[in-house]
Structure formats: structure tokens, C-alpha cells
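One chain follows as C-alpha cells, the form predicted on its own.
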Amino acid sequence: MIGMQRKWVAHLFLILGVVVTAFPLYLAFIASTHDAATIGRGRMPLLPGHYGVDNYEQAWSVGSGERVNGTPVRITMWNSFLMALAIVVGKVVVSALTAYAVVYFRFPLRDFFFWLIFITLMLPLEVRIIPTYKVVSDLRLINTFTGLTLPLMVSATGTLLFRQVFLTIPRELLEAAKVDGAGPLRCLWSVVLPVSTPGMAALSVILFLYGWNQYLWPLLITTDRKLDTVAIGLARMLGNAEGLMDWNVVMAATILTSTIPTGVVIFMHRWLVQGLIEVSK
């Protein structure tokens, strides 16, 4: 009986947490279905309005209104999707190779290089933004997709996560592969990576969200609106938020830009949870 009561209390708190978290998103959706005048009066209903199709079409195709000047959501979502996907592929490849070398190879100063990689966790992008920008500028990668993604493809987080996953793999598997004549890359491709699929999936989800939500680096590295990401596009829409705004268009753009990361998390949640559990062992 006591166990059932505790279970109900736990579920009650979970439901309360979901309501508190989801209610602002619900308000954003409701706002995206009304006209700007209804929102501006400060008495917005809690039920959907009749302007949803027009608002979403305007945000998707135009991105601008009477008091909003932004980039069409179809452009910003495509740019963010390509950027996030490139960051995922680049980081997974670099992190897997780095962790594989640190775990399974013996070479001079191996521990020194590992701790050097670990120390970079204490240096976020904001700290190294000036030298990174200088390097990208010298390489003439300003306003290019390469400059937008390449500096974000190297991360100590991915290396540490793969290292923890690789440490859980029995060395007997690699020894058996070596006996069969497999080389280092063959062992990585045929033995290590297939066993590390949950951890790789979890890292991919985290990195995708990281790339999708990037704001500071795209703000510095791009001035061409054709390269605007979702964060930059929403910031351009807001402009001077102290004045009158077409909040209906802004909220429609917000809901649209949240669909892809939400879909990725929902589709990959099993692999995400399984990968995080395996890493924490």
C-alpha cells in the first residue's frame, strides 16, 4: 500500500513537471494561431484561433510581416539541419578515431595528450572565440558553410564519451579479430563501432541538438542571410522586442523550428537512454 502511494506521488510530480514545462510551448502554439491584434491586447484565449494556416505559411515562406523582418523559416531550418548534420558526422568520426587511439594504442605521451584533450572541456567556445575567428578569417572561410561547421567538429566531449564506451568492450574481441588478420582500422570498423552503436546514437542526438541551437558562432561567422540558422533567424525576427511585434508570425516560426529537434529526440530516445546508461556504467 505504501509502495503504491509513493508510486502515485512520483507520477503526480512527473505530470506536474510535464505541465509546467509544456504549458509555455502550448501558449506559443496558441499564439501562432491568432492575429497580432489579439496577442497585443494581452487577453489571448487558451484555445486555437483561425489564423494558424496564414501565420505558418507566412513564417515558412516569407519570414517577415508588418513589424517583423526576418529570414524565411524554410531557409533557416535547412541551414541548421545541414549544419547540425555536418557537426554530428564530423565529431563522431574525429571523436571515435581519437578515443580509439587513446584506449587501444600505446605511444609516447599518450596520457599527456588525453589530459590535454580533457582540459579543453574547461575552454568553451566563448573563451576561444577570438583565435578561432582569426584562423577561420585567415583561411577565408567567412560566410561559408565550411567556416560555419568545421571549427565545431572537434570536441573533447565526444572523445571522452567514446573512451568510456570503448573501455567497456572486452579486449578479447579485438584479440580474436587480430588473430584472424584484422588490422587496426578493420577492428575499429567491424568490432568496436558495432558494439558501440548505443553510445554513438546518444552522442549523435546530443551533438545534433548542440549544432541546431548554435547562436554565437553563426552570428560572428556569417553576414549573408542565405546562411542564417534558426537561432539567427528568430533573433532577426525579434529585432527590437520592446516595440510592436507580429508575435503571431514569431510564434509560428518558433513552433516550426522546434519540430525537427523534437522529432529527433522522440525518434532516438531509446538509443539515447540506452547509450547514456552504458556510458555511466
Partner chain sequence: MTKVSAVFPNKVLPYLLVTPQLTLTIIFFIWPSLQALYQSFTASDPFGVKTRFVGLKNFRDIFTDPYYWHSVRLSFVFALQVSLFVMAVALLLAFMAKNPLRGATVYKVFLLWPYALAPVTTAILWVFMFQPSIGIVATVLRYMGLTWNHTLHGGQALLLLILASVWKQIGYNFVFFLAALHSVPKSFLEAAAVDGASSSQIFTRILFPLASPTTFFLLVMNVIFSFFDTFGIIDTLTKGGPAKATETMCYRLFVDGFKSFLINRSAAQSAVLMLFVMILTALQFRFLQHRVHYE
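Bear in mind the structure is a predicted one, so any value in this text is a computation, not a measurement. Numbering follows the first chain given and starts at 1.
The discussion below concerns the form predicted together with the partner chain, not included here.
Contact annotation: of the candidates F145, W189, F113, W78, the single residue with a non-hydrogen atom within 4.5 angstroms of the partner chain in the model of the complex is F113.
The partner chain in the model of the complex comes within 4.5 Å of a heavy atom belonging to V135. Although the partner is absent here, T254 is a contact residue: one of its heavy atoms lies within 4.5 angstroms of the partner chain in the model of the complex.
At least one heavy atom of N213 is located within 4.5 Å of the partner chain in the model of the complex.
Using a 4.5 angstroms threshold between heavy atoms, P198 stays clear of the partner chain in the model of the complex. For the stretch 14 to 37, the set of residues having any non-hydrogen atom within 4.5 angstroms of the partner chain in the model of the complex comprises L14, I15, G17, V18, V20, T21, A22, F23, P24, L25, L27, A28, A31, in sequence order.
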